[in-house]
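A single chain, nothing else alongside it, follows as structure tokens in the form predicted on its own.
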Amino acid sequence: MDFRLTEDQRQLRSGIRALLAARYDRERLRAAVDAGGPLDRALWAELRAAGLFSLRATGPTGLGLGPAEAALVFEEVGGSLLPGPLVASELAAAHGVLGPGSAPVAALLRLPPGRGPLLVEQLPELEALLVLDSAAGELRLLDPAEVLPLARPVRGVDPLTPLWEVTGTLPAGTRIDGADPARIWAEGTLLTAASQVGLAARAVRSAVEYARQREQFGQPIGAFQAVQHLCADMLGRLEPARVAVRAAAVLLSAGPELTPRARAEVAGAKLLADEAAARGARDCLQVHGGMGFTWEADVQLLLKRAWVWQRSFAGARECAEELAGQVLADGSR
């Protein structure tokens, strides 16, 4: 197992970082916040053309890369606070739910929800709605237009993640043959964890930059030990999370089979990444002091997005149970 990035992986990461910096700068981010988080079709088309949603897709339009490269890309995406159902859209393209070469705007639900009502992101904008039925062990494709009359908009915590609550019975949809729901769920959990790592890294950068610039009592606040400890703790949570995500990505890249070890690694990575992102964003807010609580500061956006991703794909309880199961299995051998 080799965790060092290849030259191609470094170039891939640099390329997506440059693309996001050029296409989704702070001005565009704040414009999206002011508009209430609607899907930016023009931006989405640019990202699609750049290959963001065909990273692992095969065929003439796919890049044919693996989970390790996808995790690197989503780490950059997470740090950009790019809105939209990015992970589910990548999964839909990677598994060809609408045929070879498709890259739809897609969301993914899992039944039973287990954590409250059925919530769908960007429902009116979707081109595909995937429903992962845990009890039946199958993946189904639904037409979002048939689901929209069964849903109502609800206010979410993140202004860039508009939500709809589905209150009626879902239509049956079309079963997708050959799909491995457990594998898809694990991949979604991994890419969400990678996004959290990117968000946590942005929180560290933001806190350190502010601590260098903001002065109190005639010196930068970064000179005070309390602020230094906050920043050091943020970095101390970020780096183990990043390593865990990359280790899990390497295991998923080993082959199509989802082993118990790979499931446990993904679960552990999600737990660490969620903690690094949510606690990192809170600490970043503390470093910014009262300024961090204002609508004009971006820190509040980091914390709200971290909360949303904490509850996307496998949550804390599910990940803890997965890890506990693996520990018990190892102990019985």
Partner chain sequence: MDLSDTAAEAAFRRGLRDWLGKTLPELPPPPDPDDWPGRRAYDTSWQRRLYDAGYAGVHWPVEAGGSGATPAEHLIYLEETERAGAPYVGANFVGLLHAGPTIAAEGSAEQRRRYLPPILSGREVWCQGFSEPGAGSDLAALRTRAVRDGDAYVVSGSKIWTSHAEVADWCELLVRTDPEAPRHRGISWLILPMDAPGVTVRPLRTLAGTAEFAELFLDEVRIPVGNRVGAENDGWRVTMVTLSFERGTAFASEVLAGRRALGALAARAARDGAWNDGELRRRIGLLAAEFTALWRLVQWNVSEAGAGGVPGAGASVFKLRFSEARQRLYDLAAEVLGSGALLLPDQADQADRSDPAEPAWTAQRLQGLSYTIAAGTSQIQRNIVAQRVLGLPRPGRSGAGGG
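Positions refer to the first chain, counted from 1. In this text, all values refer to a predicted model and were calculated from it rather than measured experimentally.
Keep in mind the form predicted in complex with its partner chain is missing from the figure; the text below concerns it.
Chemist: Just to be sure I understand the contacts: of 239, 127, 165, 138, which is the one whose heavy atoms reach within 4.5 angstroms of its partner chain in the predicted complex?
Modeler: So the residue touching its partner chain in the predicted complex, by this definition, is 239.
Chemist: Quick check on this chain: which one of 143, 133, 233, 180 has a heavy atom within 4.5 Å of its partner chain in the predicted complex?
Modeler: Contact check passes for 233.
Chemist: I'd like to check something about residue 19: if you look in the predicted complex, is any of its heavy atoms closer than or equal to 4.5 Å to a heavy atom of its partner chain?
Modeler: Answer no; every heavy atom of residue 19 is more than 4.5 Å from its partner chain in the predicted complex.
Chemist: Residue 95 near its partner chain in the predicted complex, any heavy atom under 4.5 Å?
Modeler: Answer no; every heavy atom of residue 95 is more than 4.5 Å from its partner chain in the predicted complex.
Chemist: Within 4.5 Å, heavy atoms only: does residue 271 come near its partner chain in the predicted complex?
Modeler: Yes, residue 271 lies within 4.5 Å of its partner chain in the predicted complex.
Chemist: Applying a 4.5 Å heavy atom distance criterion, does residue 265 contact its partner chain in the predicted complex?
Modeler: Within the cut-off, so yes.
Chemist: Would you confirm whether the three residues 14, 77 and 191 all fall within 4.5 Å of its partner chain in the predicted complex, going by non-hydrogen atoms?
Modeler: Heavy-atom distance to its partner chain in the predicted complex: none of the three under 4.5 Å.
Chemist: Using a 4.5 Å heavy atom cut-off, indicate which stretch of 146 to 154, 81 to 89, 103 to 111, 205 to 213 touches its partner chain in the predicted complex.
Modeler: Among the candidates, contact is made by 205 to 213.
Chemist: Across 209 to 235, which residues bring a heavy atom to within 4.5 Å of its partner chain in the predicted complex?
Modeler: Residues within 4.5 Å: 211, 212, 217, 219, 220, 222, 223, 224, 225, 228, 229, 231, 232, 233, 235.
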